[in-house]
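Encoded as structure tokens, the following chain is the form predicted alone, with no partner shown.
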Amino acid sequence: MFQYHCLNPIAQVGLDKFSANYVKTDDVNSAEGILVRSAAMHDMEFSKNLLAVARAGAGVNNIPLERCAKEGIVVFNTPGANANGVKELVIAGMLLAARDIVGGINWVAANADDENIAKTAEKEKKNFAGTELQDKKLGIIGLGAIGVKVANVAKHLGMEVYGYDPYVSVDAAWNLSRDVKHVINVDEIYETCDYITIHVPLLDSTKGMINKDAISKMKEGVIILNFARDLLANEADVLEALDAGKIRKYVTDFPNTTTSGHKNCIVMPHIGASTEESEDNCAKMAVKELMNYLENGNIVNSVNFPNCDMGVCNQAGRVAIFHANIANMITKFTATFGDLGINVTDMMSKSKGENAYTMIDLEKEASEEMLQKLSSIEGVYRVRKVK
């Protein structure tokens, strides 16, 4: 029997996916699994019982990833589960930036008492005129689950689409319209496109990538959309370019004191994934990931450990070892089993940055002596008996 705890309300359609072998608990310290959306976890102390955290969403900046890694706690997210919801809002953002829809709506509201509003509107509507998306060039930086969906819809809207992603996955490539123009240098997007939308993770290498230097290469009147992370843009540089007319509009889903209320910024209240469908999809995926790990030790869509999947264990025992990504670890593990006279029937070891994960199937159930010997090996963070 496994126990799980929800730090935020999680869609019931997802929780219903738990089997009878799972029970919800109000005591976070007794839970083997935690489900979370936006709750801050950096100041939390984690119980020894905790094995995994599943974030029902993509961003994990609310979770202390490295501390979790060193404690052998797997952190999952749900990439792609909210992709359609975000995609639709990106398209809406382009339309809002192309045509002054918000300004027009606000004008109508402000003149609601005008008995001749229809006639007056005919005179005023020129102030809210805009441009169409058709035949405009759209540059997409990052061709993950969201970027691919945006690209495909934009093609159907008659846009000329350029895509940049040096690490595009095979799945993304298969799902991407063949009419999208792949570029190998992001500068080509900066120099060519009328609209630029960013869909990359926030890393040291991407933080502030939309800065003064990048903006200087862009076309006059470019429209920039940021539905990924606000820190991907140096917003002080963006505002300077907006005021100078270099950037026509900046559309973002991350309100802050820098952009909120600025004349040429369209700022939304972080609602990209705020649809019933997205929340349901995220919850279902998070529960599936959590169950697969707790029951089988398999890791799929972790952000602090590598993917590692050996299916359902058909042997007598399975152990999972969290350890530093250093030389000779596998040799030390197998030597431990050899010293105890235990045969290894299958093994998989994967690494991700400084951390590694090894699953080993055994002809015998793992003993307490075995677990202690493995845990005492230098560089091992945690040893878990899966079966």
Ligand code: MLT
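Since this is a predicted model, take the numbers as computed values, not measurements. Heads up: residue numbers just count along the shown sequence, starting at 1.
There is another form of this protein, the form predicted together with the named molecule, and it is not shown here; the text below is about that form.
Mapping the unseen interface onto this chain, R37 counts among the residues with a heavy atom inside 4.5 Å of the named molecule in the model of the complex. In the model of the complex, no heavy atom of A54 sits within 4.5 Å of the named molecule. Although the partner is absent here, I73 is not a contact residue: none of its heavy atoms lies within 4.5 angstroms of the named molecule in the model of the complex. Contact annotation: K207 falls outside 4.5 Å of the named molecule in the model of the complex, judged by heavy atom distances. Only one of 44-52, 57-65, 325-333, 347-355 places residue heavy atoms within 4.5 angstroms of the named molecule in the model of the complex, namely 57-65.
Think of it this way: in the model of the complex, the named molecule has a heavy atom of just one of R248, K149, R229, K284 within 4.5 Å, and the residue is R229. For the options C193, A273, I140, I224, the one in contact with the named molecule in the model of the complex, meaning a heavy atom within 4.5 Å, is A273. Contacts to the named molecule in the model of the complex (heavy atom within 4.5 Å) from stretch 79-95: N82 only.
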